[in-house]
Ligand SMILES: Nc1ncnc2c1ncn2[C@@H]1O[C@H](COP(=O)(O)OP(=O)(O)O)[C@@H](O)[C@H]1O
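Here you get one chain, nothing else, as structure tokens; it is the form predicted on its own.
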Amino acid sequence: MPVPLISAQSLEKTYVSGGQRITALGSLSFTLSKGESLSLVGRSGSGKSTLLNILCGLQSVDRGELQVLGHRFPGSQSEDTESLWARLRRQRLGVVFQDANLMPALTLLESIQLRCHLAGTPSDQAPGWLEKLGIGELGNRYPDQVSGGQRQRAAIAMVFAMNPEVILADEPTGSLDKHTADAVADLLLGMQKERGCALVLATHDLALAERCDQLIDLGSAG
């Protein structure tokens, strides 16, 4: 059997708000291997974004065992673990946000070139990634000069250009109209299968979620 890229066993995460303890994740377990996709569904506040933040090191778990890309992460963060997470995000973990998260001062092409530089992948391939995502003619435009769907395509191109082993996507089509959302979803899932990386996708779109190999319903908030 292939070694999982992500292994989560009995993950728990709680918050304290207004003197009340709120469970964001309760004893969650799953594994994800190369080329597999996993969708997370559930109402707002059910823990989808919390889990993605944990899987890329922006938050830590209270209890449970987490291994990502061959590294075991304890619940408490240290300077060493934060440095390791930063290196993984730079080179091996790609993150796609709902709002595309492009730098406003850089053109679409420059954003992809910067991502390539940080990941150590050839920056001369950046124009080709824009072409693959159908926006090759927009490379010299800035994020505020293109549509939401075009920004999201650029964000996906930026992530794939770093050649990640795992992609974490947080509602990548949530702010798009249905036609554009379907096109972006097709590109994301198609490129994920073509490249053979793993994908964790948080979405409110059940039809999109069901296209993934695994589905976890985190339920309602609380």
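One-based numbering along the sequence shown. Because the structure is a prediction, the values reported are computed rather than measured.
Although not depicted, the form predicted together with the ligand is the subject of the following passage.
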Q) Looking at the ligand in the predicted complex, do all three of S17, S44 and G47 come within 4.5 Å of it through at least one heavy atom? A) yes
(Q) L199 versus the ligand, in the predicted complex: is there a non-hydrogen atom within 4.5 Å? (A) no
Q: Tell me the stretch among 63-71, 190-198, 47-55, 154-162 that has any heavy atom within 4.5 angstroms of the ligand in the predicted complex.
A: 47-55
Q.
Going through 19-43, which residues have a heavy atom within 4.5 Å of the ligand in the predicted complex? Please give them in sequence order.
A. I22, A24, R43
